[in-house]
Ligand SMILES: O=c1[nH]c(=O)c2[nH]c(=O)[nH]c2[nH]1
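Just one chain follows, in the form predicted on its own, and it is written as structure tokens.
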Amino acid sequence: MASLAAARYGKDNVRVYKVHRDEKTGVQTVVEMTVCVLLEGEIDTSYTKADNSVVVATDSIKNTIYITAKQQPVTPPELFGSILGSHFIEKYPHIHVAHVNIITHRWVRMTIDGKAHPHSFLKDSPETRNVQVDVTEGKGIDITSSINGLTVLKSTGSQFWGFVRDEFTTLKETWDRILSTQVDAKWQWRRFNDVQHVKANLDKFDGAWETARNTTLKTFAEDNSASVQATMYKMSEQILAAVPLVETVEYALPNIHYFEIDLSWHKGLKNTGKDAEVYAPQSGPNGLIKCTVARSGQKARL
């Protein structure tokens, strides 16, 4: 015998672009998102009994995303996700949980002749601002905000030595190396009661994103890193100190390697240690370092 242990469904990869036009100034602002909405509730019979009467069509979910984007603000994404998720559990009595994931793609206003252009933008990196919003009937709204795809590199100011050495180790200790990574940083907010509670804290979301991004960049650049582990912990501590409503901070940092190339075989050419100038960028394998840092006495919600 078998039983359905868990089920959710919805619409993924819904591409949404919204433009806000300020008629007085002529300045336009654009937001581009990729949205995923998954629903849970009394939907078991659609799987076990071929009963489609409990299915809110994914086409309806897609259209709801577009209509909500037209009628409601899409920034900050934490608010848009809360409004969207709350709609589904309020509209459909048999739907009890809505999971909303929003990827906000990076568009930066162009500067032309030293002035911000009113309606032209450029995509300067694959970096995205993401949110995961989970709206649960009777419990509230859980929000995790994140930065993804922020690629950074520094050519010095990083060490790695004193690690375990045994018969499996070939890595040499170093007191000066290139450090590069693609940042995936997440911060989990305290649970919100409802959309009005989210709106009451509206000014916190953009500020937290800026704090997390600036802290990541500043600490990465200025820390004389003993390891990726030590540097990411410092970043997390500072974000928790700066944003009281955040419960935990999580980092996942792949170590993107740049290896020295020994060129001594060619006429004694020196290109290692203090003489290293030409490196070989590596696509893999790579180190991957993760951590979750919580306030004292707290654990991350699962």
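Computed from a predicted model, the values in this text were never measured in an experiment. A residue's number is simply how far along the shown sequence it sits, counting from 1.
Keep in mind that the form predicted in complex with the ligand is missing from the display, and what follows is about it.
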Point to revise | Steric status of site, the ligand superimposed as seen in the predicted complex, threshold 2.4 angstroms to backbone or C-beta | key: open
Exercise for review: Would you check, heavy atoms only and a 4.5 Å threshold, whether Ala185 touches the ligand in the predicted complex?
Suggested key: no
**Study point:** in the predicted complex, Arg129 touching the ligand (heavy atom, 4.5 Å)
**Key:** no
Review point. Within a 4.5 Å heavy atom cut-off, is Asn255 in contact with the ligand in the predicted complex?
Key: yes
Review point. Might Arg177 be said to contact the ligand in the predicted complex, defining contact as any heavy atom within 4.5 Å?
Key: yes
Exercise for review: Name the stretch, out of 120-128, 208-216, 227-235, 105-113, where some heavy atom lies within 4.5 Å of the ligand in the predicted complex.
Suggested key: 227-235
Exercise for review: Would you give me the residues of 178-203 that have any heavy atom within 4.5 Å of the ligand in the predicted complex, in order from first to last?
Suggested key: none
